[in-house]
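Considered here are two forms of the same protein chain, supplied as structure tokens in two stand-alone entries, structure 1 and structure 2.
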Structure 1
């Protein structure tokens, strides 16, 4: 866009055109996201009801609601719920410990940076780390065998509980990062006012800090849930024999797209995931708004 001083006639004649020009500057963004974000999403939603010949079909939905697929969905939901709760509780505890340190302190900043790293630790590498710890030739496996005579089940990491243990590893730091700001938002005056008015530490936590933190805590928990539900790489690296969770089933469905009876299945699965995550994120946004109102 060039800068041109507007003269009287110029202004009136070209104003609508100039405004259009200004808006046109946003075109690249909308075009790009249109192709690479909106279009794929539409393809999923539409594709869930579209057979390979292009006709309308409910085959995808039927497959989605089959007992086997429902079990897989249940697995995903339970796994996400458990790791969300575990991550939320332990993460909140660690976040609280961090919050008691002054916010500028080097130790706290380093620990927070470290949490960022662990939270982003790619799924594949994380799986390797845990296999190196609890796998057949793992460090802890060996140590436990030598010192306590306890044999860790070699297949543990390929089971749902095993995957949950690995998920917890990145859920906890994620909780720390997401929840720490809420803890920092607790004003010292609220604690002192509670004491002043005769309240004990229990009073403070149960009637002041607890209720104030509740929306943020729940919101963060939901975020953890969505994060766990969407995760793929970790499970793919740990489990090789079966498809236990929805993302793995999607991969399998994509690979077998051209098989009989697999029309629209991958898309239906994807649609199911969108619905779950969208619900969770909507609830998260609502809770965040509530939390912001109070701690502002």
Structure 2
């Protein structure tokens, strides 16, 4: 028995069904995005202009624009920018060293796996590791004091520079992981062509490899910035008596028992973070789209 193709009215009627089936696989993704991304964002936007009683208020926005809050935002931006730049530069150098090794070598595979693990090592565990090593009674602190007579500032980890040092611990390996594929995308033929045309090593990096890697490098830099800007647990474990960055200020506002009207302020802080991260990730997506032509 042969199956006759659909013609006329039957074919026209089956098109919407086929179109619906073709997009049915995206429904779980959109459902997940709506519940865990879009809905919380909408709740934050509404909550920033709503009091605990449900009335419209600008109190949260006014506190967001206060000098103290702007200083906290500046601290977060500076901390994120510094750790992103340090992580991007050092991570790119390590990634280049890995890229020069054979792709299947044991050393490269082990170091890449190590970076993958360390890049996810954060929060209270990372803070405890640094406190146990460099804190007031840390192992290295005691050894330096007993053997070399050098006294380490035990309060260093509770300052913004100390937090930046701790953040660099996971920023550098994260840069290695995200930037290594871009370096692997460089073709040996491009360097050979540059040399055959009389170009030097500087010519190759400034006019060939540099422009090709620039979008990937800048995109990775933005990713590190967003990663540091949104980090909370590590800084909260290191700094217990101050609120130096925005995530800690949000926690302080939510747990404030003296002023019950701080809910709108906490939501306004979260809205400010969403705006900053959204701008960063938009720029990151644009750079990755431009870099995709060289990594395909």
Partner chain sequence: MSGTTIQRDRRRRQAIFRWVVLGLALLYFLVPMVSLFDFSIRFPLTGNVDLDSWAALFGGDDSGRLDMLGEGLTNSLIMAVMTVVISLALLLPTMVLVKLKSPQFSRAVEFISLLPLTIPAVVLVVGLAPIYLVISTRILDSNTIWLAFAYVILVLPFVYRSLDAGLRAIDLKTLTETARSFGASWWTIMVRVIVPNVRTAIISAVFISVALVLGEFTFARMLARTNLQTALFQINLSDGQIAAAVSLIALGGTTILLVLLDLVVGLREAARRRPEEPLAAAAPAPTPTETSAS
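Residue numbers count along the first chain shown, from 1. Superpose the two forms; the largest set of C-alphas matching within 1.5 Å is the rigid core. Because the structure is a prediction, the values reported are computed rather than measured.
Each of the two structures shows the same chain on its own, and it is structure 1 that derives from the form predicted together with its partner chain.
For residue 33, the Cα coordinates differ by 2 angstroms or more between structure 1 and structure 2 after the core has been superposed. Taking 2 Å as the criterion, residue 114 does not count as shifted between structure 1 and structure 2: its C-alpha moves by less than this amount when the rigid core is aligned.
Core-superposed comparison between structure 1 and structure 2: CA of residue 212 displaced by less than 2 Å. Core-based alignment between structure 1 and structure 2 gives a C-alpha movement of 3.2 Å at residue 144.
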